[in-house]
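Below you'll find only one chain, the form predicted alone, shown as structure tokens.
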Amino acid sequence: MASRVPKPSTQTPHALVSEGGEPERDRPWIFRTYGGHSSAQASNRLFRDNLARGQTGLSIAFDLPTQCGYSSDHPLARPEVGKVGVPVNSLDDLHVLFEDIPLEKMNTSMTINGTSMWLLALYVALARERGEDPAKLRGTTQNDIIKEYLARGTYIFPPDASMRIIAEMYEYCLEHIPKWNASNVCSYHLQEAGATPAQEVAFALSTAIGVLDLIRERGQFSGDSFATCVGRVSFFVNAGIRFIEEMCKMRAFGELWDEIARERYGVDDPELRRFRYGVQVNSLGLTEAQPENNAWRILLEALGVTLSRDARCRALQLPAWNEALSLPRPWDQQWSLRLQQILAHETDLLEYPDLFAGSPVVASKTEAIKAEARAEIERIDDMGGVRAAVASGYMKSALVRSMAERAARIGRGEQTVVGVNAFAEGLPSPLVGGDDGGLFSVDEAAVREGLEGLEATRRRRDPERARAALDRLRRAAERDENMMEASIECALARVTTGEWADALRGVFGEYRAMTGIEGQSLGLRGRRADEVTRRVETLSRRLGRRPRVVVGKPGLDGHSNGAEMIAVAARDTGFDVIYSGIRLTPEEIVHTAVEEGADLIGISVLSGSHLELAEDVMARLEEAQAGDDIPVVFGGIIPEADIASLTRRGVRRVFTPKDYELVQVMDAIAEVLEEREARAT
């Protein structure tokens, strides 16, 4: 039986008052949890269970192959299938994913960027085949490609082509799906990549400006229709632990967006200037050490975007306490959902006007963030806009610098992280007890079912219709025609995700973003840093050159913050570093290490595919007859239980999120190289 949703309370005399004089509460925000894993069938069960528990909207996590435009049986995709989200290969998968979920009644958010047009086309095609009216669809495709170049890495095409896709989605949606947010400017991952509050505001608003300027240039909308387009821009932001500062950031966001919509785009209607935003609270600050502390962090971060009525989010999704360890289990997601429900239904939070209106402290902090953000927006404008700022590497370098400064503050103890660099002694957490250690594991049987479904789709479809649909898509791309209807026909013809993306790769090419590490420094200092530097100098004298380290990001995982900090720290302490960015194959990493005469390979993996990738890397080294010469270390979100398996495969050291002190990591790498020297002599 479905849970009863509580009726609004009217007990307090200080509540908001309706025109009739009766007390009333604000409506709660949309309750979401971010979910998807293993297969469409398993994810459908998860979605229906969460909706039965009181979730009021869907937020879909897609696996990395789906995000990066590969079908599940592609060699690059195979280790990543179902690891961080649900694999979607064709319209058949979407039928399974939304079985018994009415599209017209659902508010669906899709965290999808490079393949956003494709997933929206699949969603529209699903509605058509199910006999539901696409015009009634409500939801959001995230589709902020700028932050992918800067922070998350699931881009495919070059900036101009990617921005064109976003503009065409706006043009299609405003005519055919008026309640759908064609793009969701996402600053969430900017904060995860180290952005300060002002950088998060400025970079996100500059991205929105870049999208709207392009839409205006294309000339499909003018006057009221362009104002409506401005009104469909939504945002997805991050709420960190400094919840007063975060609340002020939200006020600054809203006030600056109103200013931009009014002054830059001439939008008179206040409703169309409204800053519409959803939130996921910060995962960057969640810790592997003492993971039970994460529950309180999540609560405090939620307050930053709910306490202030004038800056309250419209939708909220919370991570789970164990997301520094693995994907959350269903119970973990329920716990986070219950936090939202208690906040909205048990407290009196929704019964009052804004609690902070008139506060000089809040006003001052808000103005300070606005001033800094305005200056940054003007700087990006002067460069020629957001695309130019990405192409020059300016924005990426700024984020790497901010993240380096954050890591340095934590390393020096200037920024406290409870349970990590302060109050580290504690009792073992009962939350990681039990047979599963408090961790989610992907069901390989479900993954195999998905692969079998992909083969079945290819067997059953009309090959001529699929071929013709792909030809139509290519022609639309080449002739600068809107690609949405061609994409929908591809979906109906059972074209696969990889085939859709490959057709556009053939027209637009692929893109590699800058790494942003050049010229950066962590400013590592102190006795221990000096000792590591001397240790590396000693190795340099023995080798006759600086020890050379290849930092590799294999597979499709684009979260590169950790790899970038390791690369910068290694250079700071005297290593020669080769780092080529994300999305490399094990073969490419090993080839680079052998060709460049590297002394060590450091692999960064956050997607859960560390065991498969370790197997591949070690096999490639053996093939190159370099298994004894080039030691390998791994770092990332790696459960304690998997460390022994990595060691058996030949990995020399394994670093997890608890190894936050970069000086210690550099010390351990130097030790691995000393051990190699000792074996050689």
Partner chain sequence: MQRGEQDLVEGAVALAKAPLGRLVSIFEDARPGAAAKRKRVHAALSAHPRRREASFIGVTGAPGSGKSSLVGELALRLAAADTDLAVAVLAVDPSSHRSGGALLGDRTRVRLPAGERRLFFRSQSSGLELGGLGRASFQVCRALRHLFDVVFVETVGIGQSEIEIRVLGDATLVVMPPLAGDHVQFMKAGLMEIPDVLAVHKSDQGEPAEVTYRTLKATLDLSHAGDGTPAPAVVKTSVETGAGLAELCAELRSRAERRRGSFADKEAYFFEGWIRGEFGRYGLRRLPAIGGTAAEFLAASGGFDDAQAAFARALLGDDAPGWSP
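Here the structure is a predicted model, which is why all the values come from computation and not from measurement. Positions refer to the first chain, counted from 1.
This protein has a second form, the form predicted in complex with its partner chain, left out of what is shown; the following refers to that one.
- Between the options S359, S222, T538, S580, the residue in contact with its partner chain in the predicted complex by a heavy atom within 4.5 angstroms is S580.
- Exactly one listed residue, out of E245, E499, E485, E587, brings a non-hydrogen atom to within 4.5 Å of its partner chain in the predicted complex: E587.
- In short, of 339 to 347, 453 to 461, 567 to 575, 319 to 327 it is 567 to 575 that has heavy atoms within 4.5 Å of its partner chain in the predicted complex.
- In the predicted complex, its partner chain sits beyond 4.5 Å of every heavy atom of T108.
- Within 4.5 Å of some heavy atom of its partner chain in the predicted complex lies at least one heavy atom of A624.
- Proximity of G413 to its partner chain in the predicted complex falls outside the 4.5 Å heavy atom cutoff.
- Taking the partner from the other structure, its partner chain in the predicted complex has no heavy atom within 4.5 Å of any heavy atom of A315.
- In the predicted complex, E587, E588, H591, T592, V594, E595, E596, G597 are the residues of 586 to 613 with at least one heavy atom within 4.5 Å of its partner chain, listed from first to last.
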